[in-house]
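Given next, in structure tokens, is a single chain: the form predicted alone.
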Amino acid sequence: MSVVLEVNELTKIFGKRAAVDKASFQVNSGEVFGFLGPNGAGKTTAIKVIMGFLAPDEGQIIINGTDVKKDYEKAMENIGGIVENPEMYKELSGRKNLEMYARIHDNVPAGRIDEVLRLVGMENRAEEKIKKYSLGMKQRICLAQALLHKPNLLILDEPTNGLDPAGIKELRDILKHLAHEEGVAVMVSSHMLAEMELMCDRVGIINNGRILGIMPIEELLHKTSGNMCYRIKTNDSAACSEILKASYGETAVRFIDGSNIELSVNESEVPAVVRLLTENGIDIFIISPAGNSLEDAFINITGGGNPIA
């Protein structure tokens, strides 16, 4: 992998507040990099600065080895992206919008429009006017537009907005294909934590404009406490819950329903859990790892339950 995007000590100030505060991270070719943080954390501001929509107050942005401040046009020639809700010509068809955008670039080959339309699943709706599209369809056309000139860096801010579950899976598959098969560096911000777990190779956590951690998804999931979450199915989950709370504490046990609970313990403690329950007359039907969630890890790292955005 090679470094495609390098952000060093990036700072953006609005009034007296630093929306982005000395943020540093890298995005590599062939990976999907997730950008997570609570409302107002600075994700969208950072993306806007990287893409040139806002000027940084401090710091350095290097894209494909080119410093944005020194040669903006060269740095931006191989970047594609979607930020918030980009405007398109509503009275024109999806295809016409793509044709107009293609004229901006001198390296869009013949047939590329059909290629990206197939990639985003819009080949059968391309002749319809944008104003007739659902939000999810507009998102797909915007993604097609971002991919027209074959960028090696793709930056997407909340790309799953307006997509149904099937559309989200399709988008996830597209982005993973672009990264893992075509070597594109993909940076995605999203509030859909489960999707980030399935989509991303690495995740960066930002809060109050500062980067709190950057790590592979697997490492992030172990940041909760070192314990694993286990799902236990028994003949009496209420009694099971009380027995386990007495030994492992209130916070380690979560009641699910009449036959299932979840317990957070170290793997080495599982045999003792089984003995404790059987000795107290609890029949265990299933005990299996439930894993830790990205949401648990996020809350643990940021120190609070702020909503993701």
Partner chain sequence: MRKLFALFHNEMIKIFSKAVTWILIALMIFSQFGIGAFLKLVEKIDFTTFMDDSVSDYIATQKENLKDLEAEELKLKYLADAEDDPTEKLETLNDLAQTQAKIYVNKFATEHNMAIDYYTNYISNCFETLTQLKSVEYLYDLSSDLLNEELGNNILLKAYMGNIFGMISDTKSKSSEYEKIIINGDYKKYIELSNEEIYKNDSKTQEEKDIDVYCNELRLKLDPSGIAKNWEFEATIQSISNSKLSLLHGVNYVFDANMNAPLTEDEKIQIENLLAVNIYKVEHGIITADQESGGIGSYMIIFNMGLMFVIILTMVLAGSSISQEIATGSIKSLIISPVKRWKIFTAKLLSILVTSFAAIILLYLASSVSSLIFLDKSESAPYVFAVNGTAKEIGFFVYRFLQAMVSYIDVVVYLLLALMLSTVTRNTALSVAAPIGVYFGSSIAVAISTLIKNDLVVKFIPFTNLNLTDKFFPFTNYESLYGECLKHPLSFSLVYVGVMCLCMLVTAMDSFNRRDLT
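Nothing here was measured: the structure is a model prediction, and the numbers come from that model. Numbering follows the first chain given and starts at 1.
The form predicted together with its partner chain exists for this protein as well; it is not shown, and the discussion that follows is about that form.
Asker: I'd like to check something about E77: if you look in the predicted complex, is any of its heavy atoms closer than or equal to 4.5 Å to a heavy atom of its partner chain?
Answerer: Residue-level check for E77: yes, a contact with its partner chain.
Asker: Can you tell me whether A246 touches its partner chain? I mean in the predicted complex, with a 4.5 angstroms heavy atom cut-off.
Answerer: Heavy-atom contact with its partner chain at 4.5 Å: absent for A246.
Asker: Although the partner isn't part of this model, could you tell me whether A272 comes within 4.5 Å of its partner chain in the predicted complex, counting any heavy atom of the residue?
Answerer: No, A272 stays farther than 4.5 Å from its partner chain in the predicted complex.
Asker: Verify the contact flag for G209: yes if a non-hydrogen atom of it lies within 4.5 Å of a non-hydrogen atom of its partner chain in the predicted complex, no if not.
Answerer: The answer is no: G209 has no heavy atom within 4.5 Å of its partner chain.
Asker: Give me the residue from T234, Q145, N152, S190 that has a heavy atom within 4.5 Å of its partner chain in the predicted complex.
Answerer: By the 4.5 Å criterion, the partner-contacting residue is Q145.
Asker: Using a 4.5 Å heavy atom cut-off, which residue among A239, M100, M215, C229 comes into contact with its partner chain in the predicted complex?
Answerer: By the 4.5 Å heavy-atom cutoff, the listed residue in contact is M100.
Asker: Please determine, with the chain shown alone, which of 195-203, 120-128, 170-178, 88-96 has non-hydrogen atoms within 4.5 Å of its partner chain in the predicted complex.
Answerer: Of the options, only 88-96 has residues within 4.5 Å of the partner.
Asker: Going by heavy atoms, what in 35-73 lies within 4.5 angstroms of its partner chain in the predicted complex?
Answerer: If the 4.5 Å heavy-atom criterion is applied to its partner chain in the predicted complex, 35-73 yields K48, M51, G52, F53, L54, A55, Y72, E73.
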